[in-house]
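Before any questions on binding or motion, here is one chain by itself as structure tokens, the form predicted on its own.
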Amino acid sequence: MQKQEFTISAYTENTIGLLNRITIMFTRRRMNIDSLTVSESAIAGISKFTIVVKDTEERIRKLCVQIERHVEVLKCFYHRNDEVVHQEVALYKVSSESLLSGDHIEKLVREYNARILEITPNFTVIEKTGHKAETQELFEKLNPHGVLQFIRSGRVAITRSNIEKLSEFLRERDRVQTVLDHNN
């Protein structure tokens, strides 16, 4: 099977040490994490891990099953890139002298739909939101003009599906629990 890029979404309780236990699962399987973002989800008290990894679908499916074995994990899903809308944020710090010495940087900011966040006498911070390839391309264009610092966030993603799979899962889990409680 051919490796491809997947976005894994794991919904969890917010507990200390869970991040370490999940990342160890990747290490044991010799899977390199390309991007990792953890944030609150739309459901109060539930965190969402968004993990980007390249591997075969079979290995990703098995990994999600393993992740779900942690007590604190409610559900783990994986998606192909065409099944999610995703973005990353990149920040570039250049000297203000470079910005003011010509119009090259200003043209790049306009061409790449980036924006300037802050200008000081010493440096200028530029922000670009987009896919990794887009933010990397802007870095490569800005770098000859002297990028002082560069950072890119992990992926944030939402599915293209009309239904929220976690909400569907929670409804089904509650329905099964109600039936079990009724039978006891």
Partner chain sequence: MTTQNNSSLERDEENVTGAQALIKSLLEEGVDTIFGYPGGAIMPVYDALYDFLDKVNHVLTRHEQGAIHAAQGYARVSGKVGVCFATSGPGATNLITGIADAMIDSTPLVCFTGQVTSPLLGTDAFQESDIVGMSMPVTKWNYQITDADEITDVVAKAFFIAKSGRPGPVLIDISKDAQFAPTSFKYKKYRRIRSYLPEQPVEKKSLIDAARLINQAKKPLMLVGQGVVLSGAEKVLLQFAEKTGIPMASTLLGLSAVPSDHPLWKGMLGMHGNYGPNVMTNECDLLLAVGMRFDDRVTGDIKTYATQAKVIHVEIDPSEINKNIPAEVAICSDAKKALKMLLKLVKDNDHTAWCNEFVPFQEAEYEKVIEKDIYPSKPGLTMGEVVHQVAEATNHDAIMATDVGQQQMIAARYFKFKNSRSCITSGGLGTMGFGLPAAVGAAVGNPTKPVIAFLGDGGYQMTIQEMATIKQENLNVKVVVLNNEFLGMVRQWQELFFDRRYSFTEMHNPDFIKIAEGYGIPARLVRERDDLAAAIDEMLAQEGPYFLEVRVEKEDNVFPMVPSGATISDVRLGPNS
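Numbering follows the first chain given and starts at 1. The structure displayed is predicted, hence computed values, not measured ones.
Another form, the form predicted in complex with the partner chain, is not on view; read the next lines as being about it.
- Heavy atoms within 4.5 Å of the partner chain in the predicted complex are found in exactly one of 153-161, 119-127, 134-142, 44-52, that being 44-52.
- No residue of the trio 82, 87 and 148 has any heavy atom within 4.5 Å of the partner chain in the predicted complex.
- Although the partner is absent here, residue 69 lies within 4.5 Å of the partner chain in the predicted complex, judged by heavy atoms.
- Taking the partner from the other structure, the partner chain in the predicted complex has no heavy atom within 4.5 Å of any heavy atom of residue 2.
- None of the heavy atoms of residue 167 is located within 4.5 Å of the partner chain in the predicted complex.
- Contact between residue 73 and the partner chain in the predicted complex is found at the 4.5 Å heavy atom cutoff.
- In sequence order, 17, 20, 21, 24, 45, 46 are the residues of 14-50 having a heavy atom within 4.5 Å of the partner chain in the predicted complex; the partner itself is omitted from this view.
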